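Next up: a single chain in structure tokens, the form predicted alone.
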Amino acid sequence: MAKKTETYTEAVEKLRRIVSDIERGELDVDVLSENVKEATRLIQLCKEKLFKVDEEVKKVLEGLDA
């Protein structure tokens, strides 16, 4: 079964949990490494989703100017 792609909100919440764990010092080095990889992946996902939304907004605004 393919892994479900997180929504933007889910990705942001997961990032907040990772940062919170790091700030509290509750991660050992191995877990921290995996969480940094996951955070990096989630940041990229969020950037891609925001770019798509930005492009859609631009198209709508261009349509309104016509």
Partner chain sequence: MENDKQAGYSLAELLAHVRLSLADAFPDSYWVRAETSDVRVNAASGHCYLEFVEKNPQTNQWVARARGSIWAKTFRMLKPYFEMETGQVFTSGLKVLVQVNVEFHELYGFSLNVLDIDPAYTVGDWVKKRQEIIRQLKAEGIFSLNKELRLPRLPQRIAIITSATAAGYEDFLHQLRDNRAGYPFYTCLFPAVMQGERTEESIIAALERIDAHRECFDVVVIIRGGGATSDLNSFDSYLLAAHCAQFPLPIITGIGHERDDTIVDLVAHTRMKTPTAVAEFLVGCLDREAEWLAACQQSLAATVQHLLAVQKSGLQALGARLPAVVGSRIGRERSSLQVMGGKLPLLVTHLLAQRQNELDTAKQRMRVAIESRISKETRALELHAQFIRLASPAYILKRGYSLTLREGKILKSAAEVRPGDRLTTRFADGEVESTV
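Please read these numbers as outputs of a predicted model, since none were measured by experiment. Residue numbers count along the first chain shown, from 1.
FYI, the form predicted in complex with the partner chain isn't displayed, but the following is about it.
Using a 4.5 angstroms limit between non-hydrogen atoms, residue 36 touches the partner chain in the predicted bound form.
Residue 32 belongs to the set of residues with a heavy atom inside 4.5 Å of the partner chain in the predicted bound form.
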